[in-house]
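Consider the single chain below, provided in structure tokens and representing the form predicted alone.
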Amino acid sequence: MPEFDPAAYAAQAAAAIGLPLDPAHLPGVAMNLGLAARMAALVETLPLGPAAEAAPVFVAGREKGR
């Protein structure tokens, strides 16, 4: 798998959803995407045992237990 290129991803994702991305903002967007990718890589290294469960989902307006 090729190494993640945050600048290329930002440009392609913005184009895919029709989001104007000022070239002057691309370095900052790429920096934040790179940081998010590094954080995700750390989270992915955590072992999950059989007892690991997903967190409950909060739904506004829903009473507990329903």
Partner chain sequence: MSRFLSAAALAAEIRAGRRKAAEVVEERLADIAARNALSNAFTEVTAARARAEAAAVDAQVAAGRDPGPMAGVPVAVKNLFDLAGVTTLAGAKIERDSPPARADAFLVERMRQAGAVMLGALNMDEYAYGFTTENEHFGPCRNPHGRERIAGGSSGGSAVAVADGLVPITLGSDTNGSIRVPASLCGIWGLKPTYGRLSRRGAFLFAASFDHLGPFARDVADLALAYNALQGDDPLDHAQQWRGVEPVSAVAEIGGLRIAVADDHFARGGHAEAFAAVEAVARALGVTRRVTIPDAALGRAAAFLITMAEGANLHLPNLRRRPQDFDRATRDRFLAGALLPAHWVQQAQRLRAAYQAKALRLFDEVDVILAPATPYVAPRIGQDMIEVDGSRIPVRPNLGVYTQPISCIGLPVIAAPIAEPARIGTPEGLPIGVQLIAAPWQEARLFRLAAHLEKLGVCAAPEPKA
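Rigid core here is just the name for the largest C-alpha set that superposes within 1.5 Å across the two forms. Residue numbers count along the first chain shown, from 1. These numbers were taken from a predicted model, which means no experiment stands behind them.
There is also a form predicted together with the partner chain; it is not shown, and the following applies to it.
Answer with yes or no whether P23 is in contact with the partner chain in the predicted bound form, where contact means some heavy atom within 4.5 Å. No, P23 stays farther than 4.5 Å from the partner chain in the predicted bound form.
Which residues in 11-28 have a heavy atom within 4.5 Å of the partner chain in the predicted bound form? Read in sequence order, the residues that approach the partner chain (within 4.5 Å, in the predicted bound form) are A13, A14, I17, G18, L19, P20, L21, H25, G28.
With a threshold of 2 Å on the C-alpha, tell me if P56 counts as moved between this form and the one not shown once the core is superposed. Passes the 2 Å threshold, so yes.
Please say whether, between this form and the one not shown, the C-alpha of A24 moves by 2 Å or more once the core is aligned. Where the cores coincide, A24 shows only a C-alpha shift between this form and the one not shown that is less than 2 Å.
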